[in-house]
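Quick heads-up: it's one chain on its own, the form predicted alone, in structure tokens.
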């Protein structure tokens, strides 16, 4: 496969969405995902399949969003790093997901996999994405398990590259105005063409196939942990920080709004409830303080 086959990427991501939705729904007793197909928006031809679950037994909210979009002008959120392709027609396909679990001891997770094909004189393409884990109440065992799968996903295709993508994740998912990372990280890459299309596509599939084995065991272990309202309140405070990142810093949110996607789909990543408390600080030596002092800074979880 020597050319950029966007249809194959499309088919893979659409199938992956179905499998992830089915797996997430398996944790719920009654609630099911709701979906709504998008249509043509402004000058952009957009085909979307947002799948959103709210008010579940395990997930307060989970959103698994598939999109294929064609546009006459590449959004600046993509081209500001590539002025050579600014304003060109483009086509893109992506899968983006987020969970906001009900139990404060179950971590939030995010994954995005995307492919861009730009119609310049010589077609330009690239992949991007990654995934990261954001606990409110962290466990070292969870972070280690998560990063073992992240390393396996990278090393299966690009031996020796996990550390660089892990560091890129730490750098990107940093809440700069707060001075700490969003969570315990994972992997992140952008403008990715290394090894040609076929190799890059294998990389995307390596990540996609290892996502559920990385996340679901953590959900199963932590979802039965007893919790009280003070735990939930701290989770809402942490969700406030998550919302700050998505609304202030995240290029994906900016791209979604610029590309003409449904606003409801773009903002589906936001938590159902979040709190902000003026100048709030956790008590010293508390579990809440442990998060900021030992987990929200870049570190090597696998040594």
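Residue numbers count along the first chain shown, from 1. These numbers come from a predicted model, not from an experiment.
There is another form of the same protein, the form predicted together with a further copy of the same chain; it is not shown, and what comes next is about it.
Remark: none of the three candidate residues (187, 220 and 231) comes within 4.5 Å of a further copy of the same chain in the predicted complex, counting heavy atoms only.
Contact annotation: residue 273 falls within 4.5 Å of a further copy of the same chain in the predicted complex, judged by heavy atom distances. When a further copy of the same chain is considered in the predicted complex, residue 263 lines it closely, a heavy atom lying within 4.5 Å.
Taking non-hydrogen atoms only, residue 244 approaches a further copy of the same chain to within 4.5 angstroms in the predicted complex. Using a 4.5 angstroms threshold between heavy atoms, residue 178 counts as touching a further copy of the same chain in the predicted complex. Contact with a further copy of the same chain in the predicted complex, defined as any heavy atom within 4.5 Å, is confined among 198-206, 156-164, 170-178, 137-145 to 170-178. Applying a 4.5 Å heavy atom cutoff to a further copy of the same chain in the predicted complex picks out 281 as the lone residue from 280-294.
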